[in-house]
Structure formats: structure tokens, C-alpha cells
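Take a look at this one chain, the form predicted on its own, written out in C-alpha cells.
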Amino acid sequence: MPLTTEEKAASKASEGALAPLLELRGISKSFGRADVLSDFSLSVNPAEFLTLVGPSGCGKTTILRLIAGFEKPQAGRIILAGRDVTDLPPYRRDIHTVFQSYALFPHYDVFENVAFSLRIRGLDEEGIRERVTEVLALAKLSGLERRKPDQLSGGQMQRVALARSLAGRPSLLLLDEPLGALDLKLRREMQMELKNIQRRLDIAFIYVTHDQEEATTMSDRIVVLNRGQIEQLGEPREIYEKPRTSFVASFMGAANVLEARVLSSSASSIEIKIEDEIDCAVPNSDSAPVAPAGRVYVAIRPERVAIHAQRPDDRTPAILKRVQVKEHVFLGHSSQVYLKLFEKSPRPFWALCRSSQMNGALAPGQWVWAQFKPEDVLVLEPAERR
């Protein structure tokens, strides 16, 4: 569901008085008969770490290629630092790109790979040596200057590609899934390295990833894309804790997305019946009444669901239901418990519990108590819009 005109204006106003570094204004892009972006607008702040996330084909890489100048829009303008760069070739934009494939020259050593673009720009040898030494130290590559790419690990090659892009001191760096080829441990290490480098250099990063955890770990703001439109834009905590749509709730972390019927509503709360079985009053985060008899989607994060072998003696307001276990999956530090919470719903309902809280494995068919608080039920968009 795209942002409304009012939401776009509010988002822009929330960015403060500081002029945006980059603006995409009403961008449209199609390939043949396939429309990838239509009237797409986005602002990026100076020194911001902005991440684009979304499923394959949602337009993430196309947006990066348009910003870099590798593609041209059919409509709209691209403004960089107050200058219209829509029709400028890539080499005339103060933008560099880091690709997943590294794109290093195999016959050059680390120093010459990083120095390549500086030589093209005609920088003198002393300036090249100083600049390359600086970025290699920043990327923790000092001492590896004379190694060839085939003598480096995957993480080292990624650092060389990053150092090469940073050597030109761009005002904006684009990163297209740069950590996708790395193993999990190295990937997490590089996430912190990238964020630290970005903070130290104080330049803007636009980062593309399909990894939601990576996005929440590194970003100042996240843009959740779906079918070429912005489903939601905000800080990581806001995106996770206050998703606007069922798509965002499901894509950014795991969620139990369920249908509910609105019984009544006020500025402070909404009375709903979840899956025609559970009545509850949940907070109204929008402070705007919802039409009675309307159907909405609600989301409950699995980590908000507690599992009890016996009925808890707890006077705290909560939703409590006796349910059957369908499956119990041990993950080490946590356990996934799949439950049959609603008779009519074909979708499994699941909880994510710390393994230390579980008294052994729960057998399929075992009866337990599932518990969650009304404030943990997130009301999303009307069901008719899906």
C-alpha cells in the first residue's frame, strides 16, 4: 500500500530543516511492458544510512541503478546536493557503487585496485599514496597492499571493493547486497565494520539487502518496498514494532497475521474479534476510529506469545487460550512452538520462546496455554485492501 500524499509530506517534514542530499522526484521506470517504478519519490539525508528492503523484483536494484546513472527514468528527476543529475552519465555524479561481485581487477594488487579510479581522475602520485593508505587503514587492510585478489579471503576482497569506492570520497555510496556472498559469521562482522566506517566518514550510504535482520542492525531508516511502491518508511524500531500493513509485519521479522472483525472503536482503543473466536480490546495507535463491522488484519509477534504447561495464575490483563501443540522445533537459544490456536484458520500460529523457559520438548498433540497481552496485538490495514 503506497504512502498517501499527506504521509509523504509528513515524512519529509520529519527529516528536519536539513536539506536532503538526494531526492528522487516522481520517478517512473519500465522495462518493456513491465512497470518497475511509477511516480516514485524518496529523499535521503546527508550522512544517513538508508536501507532498501523488499522481495525480489520490487525495484531495489533498479532504484540504485537509476541513482548511479546506469539506467535512465522515463519520467521524473534525480536531484543530488541540489543539482539535477538525471541526464548526467555515472562518471559525472559524485556517487560510487559497491557490488556483490566485488569487480576487482585480478591482475592488479590491492594498492592498484584501490588507486585505479584516482589515477583515472589524474590525481598526483603523492595524493594517490596518501588517499589509498588512508582508506586501506580504514578498511583494516594495511599490510595487504601487494596481494592479488586471488590471495585474499572473501571478506578481504569485499573490503578492497569498499576501499576503492571510498578512495574517491563520494558524497553518496551505493551498496547492492555487498555481503551476500559471505558466510554468516563474516557477514555479521562486516555489518559492524560497514556501519563504523560510515559513521567515521560521515557520508550517506544507500544499502540494498534482502536480509531483514541486516537492515535493522545497520540502518538509520529503512524503506520497505513492494511492487515498486513504498509500503513503509521509518526507523528500524518503528518498522518492527509499528508495521502499517500485513506485508510489512510479515516481511520485517516473523509475525502471526490474522483476520479480525471490528466490533467498535474509539480514539484510544478498538474492540475486535480475532478469527471469529477471541474478543479483545487493543490500543488504537492511530487515534482515529475504525469503522465498525469492518475487517482488519492484526499481527502478533511470536516472541510476544508465552507458553504455559498449566493455566497461569496471573491477574495481568491478557488473552489466554488452551491450545494444542502442532510442532516444536529446537533452535538452540530458542524454540519455535507451532500451535492450533483457531479452529477455522488454516494458518499455523506460533510462539518463539527462550529454550531455557521450556521444560523439555513439547510433543505434538500436547495441550498447553498460550498467552499474550492486548497491547501486543497490532492492528494493520483493512482486510479488503489486501
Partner chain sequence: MSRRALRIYGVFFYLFLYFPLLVMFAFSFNNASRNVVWRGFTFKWYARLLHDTELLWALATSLKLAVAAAAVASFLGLLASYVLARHRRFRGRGFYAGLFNLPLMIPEIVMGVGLLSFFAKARIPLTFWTLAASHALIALPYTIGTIRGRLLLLKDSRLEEAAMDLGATEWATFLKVTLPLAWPSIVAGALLAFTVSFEDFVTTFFVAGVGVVTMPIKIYSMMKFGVTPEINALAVCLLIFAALALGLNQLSSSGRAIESDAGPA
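Computed from a prediction, not measured in an experiment: that's the story for all the values here. Between two forms, the rigid core is defined as the largest C-alpha subset superposing within 1.5 Å. Numbering follows the first chain given and starts at 1.
This next part talks about the form predicted together with the partner chain, which is not shown.
**Prompt:** Non-hydrogen atoms within 4.5 angstroms of the partner chain in the predicted bound form: do Gly57, Phe99 and His107 all have one?
**Reply:** Yes, the whole candidate spot contacts the partner chain.
Checklist line | Option from 217-225, 129-137, 294-302, 90-98 whose residues, in the predicted bound form, bring a heavy atom within 4.5 Å of the partner chain | finding: That would be 90-98.
Is Cys353 close enough to the partner chain in the predicted bound form to count, meaning some heavy atom within 4.5 Å? Residue-level check for Cys353: no, no contact with the partner chain.
My question is simply whether His328 lines the interface with the partner chain in the predicted bound form - judged by any non-hydrogen atom within 4.5 Å.
His328 lies outside the contact set for the partner chain.
- Taking the shortest heavy atom distance, is Ala75 within 4.5 Å of the partner chain in the predicted bound form? Ala75: no, not in contact with the partner chain in the predicted bound form.
- Leu263 within 4.5 Å of the partner chain in the predicted bound form, heavy atoms: Leu263: no contact with the partner chain in the predicted bound form.
**Request:** Select from the listed residues Arg188, Lys273, Lys242, Lys148 the one whose heavy atoms reach within 4.5 Å of the partner chain in the predicted bound form.
**Result:** That would be Lys148.
*the partner chain: the contacting residue among Ile120, Ala267, Ala81, Ala309 in the predicted bound form [heavy atom, 4.5 Å]*: Residue within 4.5 Å of the partner: Ile120.
Counting only non-hydrogen atoms and a 4.5 Å cut-off, give the residues of 41-70 close to the partner chain in the predicted bound form.
Ser56, Gly57, Arg65, Ala68, Phe70, in sequence order.
- Query: Is Asp109 one of the residues whose C-alpha moves 2 Å or more between this form and the one not shown after the core fit?
  - Reply: After core superposition, the displacement of the Asp109 C-alpha between this form and the one not shown reaches the 2 Å mark, so yes.
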